[in-house]
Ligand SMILES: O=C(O)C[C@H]1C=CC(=O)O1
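Presented as structure tokens, the chain that follows is alone, the form predicted on its own.
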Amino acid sequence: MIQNIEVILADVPTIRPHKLSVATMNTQTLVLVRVVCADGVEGWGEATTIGGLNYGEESPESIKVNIDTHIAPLLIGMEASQVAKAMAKIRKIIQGNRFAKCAIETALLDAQARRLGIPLSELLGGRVRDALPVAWTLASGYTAKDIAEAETMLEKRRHRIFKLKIGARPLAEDVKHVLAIKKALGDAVSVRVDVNQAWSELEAVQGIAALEAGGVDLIEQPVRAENMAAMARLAQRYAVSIMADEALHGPQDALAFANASAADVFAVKITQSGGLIPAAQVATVAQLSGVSLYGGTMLEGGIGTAASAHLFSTFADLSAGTELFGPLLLTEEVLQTPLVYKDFMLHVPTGPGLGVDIDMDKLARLRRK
């Protein structure tokens, strides 16, 4: 039986300013959900987002209020092992709130997998890989600084895929910045860009042509999420891969984008999809439609990153890699034992449930009072 649901906000500084077209992050607010069951088993989930309300319609504060006030009361007293039944109830009654629903579902699945003594990935169909390639985002905004940061990552054998956040500056400046980094790093390294919806279609036509010619491998969400027609025209016009990210809020959006041939790659994010199971459905739509998969992040800490890793380990195709570097951007670790990043890969935890445990003393120090 579900006995208690607690939402914890923890403010953690980042290792450097992280500049997106929608916000500059100096601190990340982790949104952690703890589900306590009557049999003594606990499960954890995460609903972390980016930049308050700059990125999406849920903020850390609204997630906490909505779980505490509206979602938790629906679940207290329900059978904890019947995760699908619990999620069906809140998906029927609660509108929207995808991030909150994801954290609840993750916590319930974590608890159930711990109860059964198996990794969470085995409740999601079973893993086909034990490690995931991980991209690093270069987002200082300074060309020389980004090049130096990338070279350090290569030397450490931590990352050899680099994503550049662009769209906040004039188009010509952004293109010059990206191509200088690509030239410095060479052909052995994959360089991608994330525009975070900042361009008009005309700017995208101009920008993508220059970036494609310069050897950039992938263009993420170049135009507004709702402009599916423009995404389709861009995907059909250029050989370089066009990836949908903010446009995908679950399997229905994925199906619409696949039917419109509006993206070559889908960025799968468990929170944006509304949970691990809907995110798996997004991946299924992609695989049936010939769309490649990329494992996305909301810059979560260790809990959300581990949850995503368990799901992504079950994908038959993960040709575009992942960006599960969230914990590496933070100055504090909330796990007892950090996730393992080695030889350009994130190694998927193998213990029961998420396979990670919270450092409660550290969380007590970081949590918002």
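The first residue of the shown sequence is 1; numbering continues from there. Keep in mind that what you see is a predicted model, and the values were worked out from it rather than measured.
Beyond what is shown, the protein has a form predicted in complex with this ligand; the following relates to that form.
*Asks:* Within 4.5 Å of this ligand in the predicted bound form, counting heavy atoms only, one of 92-100, 211-219, 232-240, 157-165 shows up; tell me which.
*Replies:* Contact-bearing stretch, as computed: 157-165.
*Asks:* With the partner left out here, check for me: in the predicted bound form, does some heavy atom of residue 315 sit within 4.5 Å of this ligand?
*Replies:* Output for residue 315 is no: heavy atoms all beyond 4.5 Å of this ligand.
*Asks:* Although the partner isn't part of this model, could you tell me whether residue 325 comes within 4.5 Å of this ligand in the predicted bound form, counting any heavy atom of the residue?
*Replies:* Yes, residue 325 lies within 4.5 Å of this ligand in the predicted bound form.
*Asks:* Would you classify residue 55 as touching this ligand in the predicted bound form, given a 4.5 Å non-hydrogen atom cut-off?
*Replies:* Output for residue 55 is yes: heavy atoms within 4.5 Å of this ligand.
*Asks:* Looking at the partner-bound form in the predicted bound form, is residue 71 within 4.5 Å of this ligand by any heavy atom?
*Replies:* Residue-level check for residue 71: no, no contact with this ligand.
*Asks:* Consider the chain as shown here, without its partner, and state which of 265, 113, 87, 299 has a heavy atom within 4.5 Å of this ligand in the predicted bound form.
*Replies:* So the residue touching this ligand in the predicted bound form, by this definition, is 299.
*Asks:* Hey, which residues along 237-258 are within 4.5 angstroms of this ligand in the predicted bound form, non-hydrogen atoms only?
*Replies:* Stretch hits, in order: 245, 246.
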